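The chain below stands alone and is given in structure tokens; this is the form predicted on its own.
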Amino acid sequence: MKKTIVAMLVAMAAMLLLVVGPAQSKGHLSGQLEIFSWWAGDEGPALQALIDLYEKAHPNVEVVNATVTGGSGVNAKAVLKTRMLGGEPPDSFQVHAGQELIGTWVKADRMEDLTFLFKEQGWMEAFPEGLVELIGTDAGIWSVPVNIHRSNVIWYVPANLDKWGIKAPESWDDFFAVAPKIKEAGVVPLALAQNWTANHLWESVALASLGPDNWDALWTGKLAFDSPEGVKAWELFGKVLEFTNDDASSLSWQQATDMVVDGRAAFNVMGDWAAGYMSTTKKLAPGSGFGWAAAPGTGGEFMFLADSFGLPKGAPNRDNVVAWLALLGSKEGSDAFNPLKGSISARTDSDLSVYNDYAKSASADFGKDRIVGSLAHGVTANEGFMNDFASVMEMFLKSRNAEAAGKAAQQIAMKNGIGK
């Protein structure tokens, strides 16, 4: 009997090691870890800070930084799709938390459930409950969020606004009141870049036009894109575009931000990775070198997105991936990454003393504002809708036909299962 009990205990211990082995074997890992992301150039230092921490903890692991450049991950997602469908997944890949992952690779049964890691690391308490719900389904939790970004931010240089005798607009009517004056001075009122930044601008304009309740209703199917409210949002967007630069399609988001920094443009609506760019690359001090406010008409609302990483089924170096994910969700990893990235921590116990004034401001707003999800960055809709929406945007940029855009958006919503 004793031998039987001992055998059972040994078997149970072996099974336990299979589940928690990576955490227990910290420092004894070897082989490779391929990290697939679109964090390059000015966003590279934040990723490198995480890699440095990982290599220090696991010196025998060779980290392969498989970065694919391209704004908002457009190019990276195309490469990832080829690899995932070809049965050659990277060890772990960057993805926007929410429907971008769940509606695509989780739905296709290509991801491992990370509930075990969340419980092991105490993340069920460390992350806000609403965020855990967003990155999970009834069947599991699918990614580890490394940050919180804000989408609906308008950026400017305070000294330039003082020179022009204007203030940051609180509404789009405020913007339309000062835009002609700015234009007469030979300055672009609102800097814009390539297509995905138009999607980014659209969501802030639409939020201002619709309000948060109707914005949320778009993604549950309770409000149609071709409803009077939906068409009105496109009409407002068309009016905003009249005050943007003609060469937008040829610019990166950094170049559009440079226009504001250099005084060639007054404002730019961009996510708060722009804060990381201006403070880290441009060496500008938050508050004096650059200023910010909620995008016009969205005060009291925080449109968010979160970058996250998951564990693909069939990852070549699974144990190394679990250790990577453990680092991403840790307080140490989060507070090393986010101050450089221009984002705030997804954890509730972040050390705000290591963050700049913008991040402290964003963290305060995140704690009190109405939270809504970003379309352009994968929270509210699946990747199929996002890909189709890019075509709708391209059509609108050429035609400026609000009714046609509303009808086209509703068609792709129905095609991609929104509201079903």
Partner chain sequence: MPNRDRIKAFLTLLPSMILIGVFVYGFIGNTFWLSLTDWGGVAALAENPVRNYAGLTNYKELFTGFLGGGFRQDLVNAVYYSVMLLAGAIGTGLIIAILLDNKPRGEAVFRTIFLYPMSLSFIVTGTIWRWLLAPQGGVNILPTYAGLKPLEFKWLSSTGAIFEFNWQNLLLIGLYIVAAVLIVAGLMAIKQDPPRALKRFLLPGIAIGLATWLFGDLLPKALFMEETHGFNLATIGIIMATIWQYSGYTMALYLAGFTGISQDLRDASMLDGATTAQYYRYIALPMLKPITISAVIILSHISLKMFDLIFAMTGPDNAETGHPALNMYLTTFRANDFAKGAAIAIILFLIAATFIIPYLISSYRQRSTR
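Note that the structure is predicted; figures quoted are calculated from it, not measured. Positions refer to the first chain, counted from 1.
Below, we turn to the form predicted together with its partner chain, even though it does not appear here.
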Contact with its partner chain in the predicted complex for A139, defined as at least one heavy atom pair within 4.5 Å: yes or no? no
Would K331 show up as a contact with its partner chain in the predicted complex if we use heavy atoms at 4.5 Å? no
Wondering, does A390 line up within 4.5 Å of its partner chain in the predicted complex on heavy atoms? yes
Does T82 reach its partner chain in the predicted complex, with heavy atoms at most 4.5 Å apart? yes
Report yes if all three of N147, K167 and A364 come within 4.5 Å of its partner chain in the predicted complex by some heavy atom, otherwise no. no
Using a 4.5 Å heavy atom cut-off, indicate which stretch of 333-341, 209-217, 234-242, 249-257 touches its partner chain in the predicted complex. 249-257
Please identify the residue among A78, M124, A177, L223 with any heavy atom within 4.5 Å of its partner chain in the predicted complex. A78
Taking its partner chain in the predicted complex as the reference, which of G297, P312, P286, G103 has a non-hydrogen atom within 4.5 Å? G103
Which residues in 104-122 have a heavy atom within 4.5 Å of its partner chain in the predicted complex? T104, W105, K107, A108, R110
